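Next up: just one chain, as structure tokens, the form predicted on its own.
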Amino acid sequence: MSSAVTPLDLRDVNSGAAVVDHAGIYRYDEFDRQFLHQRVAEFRQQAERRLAGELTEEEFRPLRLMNGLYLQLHAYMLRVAIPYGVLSATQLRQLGHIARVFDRGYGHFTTRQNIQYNWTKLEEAADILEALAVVDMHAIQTSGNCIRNVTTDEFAGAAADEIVDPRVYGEILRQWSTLHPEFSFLPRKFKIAITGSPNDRAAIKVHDIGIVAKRDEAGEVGFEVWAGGGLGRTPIIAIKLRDFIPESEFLGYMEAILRVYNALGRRDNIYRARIKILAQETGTDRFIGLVEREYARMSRQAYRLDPGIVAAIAAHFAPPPFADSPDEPAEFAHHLAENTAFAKWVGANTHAHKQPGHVSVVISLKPIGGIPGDASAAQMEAVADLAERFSFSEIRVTHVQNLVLPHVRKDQLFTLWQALGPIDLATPNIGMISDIIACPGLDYCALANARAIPVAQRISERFADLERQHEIGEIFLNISGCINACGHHHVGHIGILGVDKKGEEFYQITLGGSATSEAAIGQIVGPSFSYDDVVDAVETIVTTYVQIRSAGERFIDTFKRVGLAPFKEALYAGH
């Protein structure tokens, strides 16, 4: 196989010289880097044995999955870990480079804040992993029955409503869970989400473990812990285990939950193997009791989270060197008043920042008619450049498949907006009906029953008028191509699930789902719709909402007030 192709300005693999990047991200040390390169060398040998016919596909499968390599409908797919959704400009630029050299010129950002390459060649997979290792990235634990990539709030460290920076504890969870000897072969995959805000932007209640970092009355950090949530064929909202676990006991309590699951989770039935099933079959009170008893018998000292470790990791996430800036710069106010298009983009695509004069900017990866979550190599490289210019070299990946520049000065917003337009990244649709979550569906995935991408594109095109989108207001529309729910359809305000009916694609619609602090599973409206009719069905739902909403009422609020009945009547009138 060829040696890895990497940009010339990055660290030479053999020299060990450090990558220079000023982003507020966790930096690997030489031990970490040596481990990654050893892991790449091991996988290179495994892939060579598979290509030579020395390993069967069945023998190779667990080896490739440990390195994030899936075999899908048309090609191998490589899923790359982006811990808690945080990237440096150098890393994003390398991801763009990989897309250009090893894939078909793009990557797909996922609901776990990762990126996938859908056209990976087995003979080049190790080269990609080596190119990733150069920038302290990998694909470990992006597959298999282990603890997957920990996700968090895309505005972590920046949000005005944040109480505790969850990135610090996301990194602690990453280090604790990576290659954990007890939890590398769990009954099923295991997903953790953490937020540090009372306004949940990480969908914690539909995770195996969901965590809210908070402070007690004395200002001490602790955690509200939920467990047993999840989507898939059995969607379940998590149950609360504890209102407050002190910081020092954080990892011990996580360990106790995983121990209970590892010991009692079903291994005889893949469809009943998740912790949500264990919690439901055990019963809420008994499940909580099992966790508490396991935790009580563990050594507090052995699992104590040392404050020094927390402080050392927190130092990696210190605030960037903000310059003083007025909260409402005159130039910014002028552009808002004079440019309607800019004002709409600011209103939809920015988020309040804790630092005066700054905002976080959401870069939409959902252009009208585009593929949700896809970004071209050129776009990734351009965003990396913009991050260096405007956001201290930091980028975030959201769990709704967009990108974020977390620290942008308001007086630079107009210039940034002008730069995003020519690269098709300035669509002002965040939280609108075209800001769709969609899995790859039957276009790529061997598990899918129906296409998701073309449905998302057709809905986006139907509602292409951005003026109309803003008039409609906030609607979260999610699409999955199968019951595994990679598109989070259960928690969409409008959820669409692809199903197979005698070889034809049909789509079941749910309404009223939510992934926020008031998490809810959507309710099935009625019989499914054909591929040809599903977009018209969405149109009917939206039209009905606009007709019956009260002044200023969001779709989810209208649904809570009126329920399914008016939507069902409109959808099936005459049937």
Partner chain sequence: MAKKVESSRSGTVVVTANRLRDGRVVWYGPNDTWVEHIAKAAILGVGDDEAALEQAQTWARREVVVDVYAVPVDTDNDDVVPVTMRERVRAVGPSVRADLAVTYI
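Positions refer to the first chain, counted from 1. Note that the structure is a prediction, hence the values are computed from the model and not measured.
There is also a form predicted together with the partner chain; it is not shown, and the following applies to it.
Heavy atoms of G503 reach within 4.5 Å of the partner chain in the predicted bound form, making it an interface residue. Under a 4.5 angstroms non-hydrogen atom cutoff, the partner chain in the predicted bound form lacks A41 among its neighbouring residues. Using a 4.5 Å cutoff between non-hydrogen atoms, T398 does not count as a contact of the partner chain in the predicted bound form. None of the heavy atoms of R293 is located within 4.5 Å of the partner chain in the predicted bound form. Residue heavy atoms within 4.5 Å of the partner chain in the predicted bound form occur in exactly one stretch of 228-236, 387-395, 438-446, 417-425, and that stretch is 438-446.
Checking L73, I368, L264, L305 for any heavy atom within 4.5 Å of the partner chain in the predicted bound form turns up a single hit: L73.
In summary, among the residues S197, T120, N149, Q469, the only one with a non-hydrogen atom within 4.5 Å of the partner chain in the predicted bound form is T120.
Heavy atoms of no residue among G144, R201 and G473 are located within 4.5 Å of the partner chain in the predicted bound form.
In sequence order, R104, Y106 are the residues of 91-110 having a heavy atom within 4.5 Å of the partner chain in the predicted bound form; the partner itself is omitted from this view.
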